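Below sits a lone chain in structure tokens, taken as the form predicted on its own.
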Amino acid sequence: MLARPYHPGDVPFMMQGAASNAWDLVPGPERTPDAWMRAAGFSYGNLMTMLRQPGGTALVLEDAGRPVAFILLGIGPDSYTGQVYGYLGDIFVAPEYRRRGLSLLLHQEAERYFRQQGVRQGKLWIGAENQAALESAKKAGFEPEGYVLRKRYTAPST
């Protein structure tokens, strides 16, 4: 398995992976064709924004010359403290390559990249339902920093 920086030919694979990740965050009852289009559009915008920002990149794992996994990376200030951190965006492993430790390998490669950039802490956001990603992040040394909570509001009754 070869780890390398992404190149433009990887973007279609990365778009599919990012859209898949975004779709996984949509609750079952809300999964409509419109929701799919919004999730795919948002993930594409996020992917391209991160790749274009200073310090933004992606690392790709390839097997036999084709991409099979990637991690999207950015560098920026914490919105509360202003301290610079490495942001780990989408992490995607093709379904047929899962459960082989590739996400942990991606975490290690991301840490190596951030250290080379002088960044000394990393952050990532994981959806509450994604237990596999949470376990992978814990194995890579991540720990909770806070919680994001949500509440669904119903339409007012008339």
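Just so you know, these numbers come straight off a predicted model, no measurement behind them. Don't overthink the numbering: it's just position in the shown sequence, from 1.
From this point on, the text means the form predicted together with a small molecule, which you will not see here.
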**Report entry** the small molecule in the predicted bound form reached by all of R100, N130 and E135, non-hydrogen atom within 4.5 Å
**Finding:** yes
Query raised in the report: Looking at V93, L59, A39, L47, which has any heavy atom no more than 4.5 Å from the small molecule in the predicted bound form?
Result: V93
Query raised in the report: With the cut-off set at 4.5 Å between non-hydrogen atoms, does L104 touch the small molecule in the predicted bound form?
Result: yes
**Report entry** Interface segment, criterion being heavy atoms within 4.5 Å of the small molecule in the predicted bound form, picked from 85-93, 47-55, 110-118, 30-38
**Finding:** 85-93
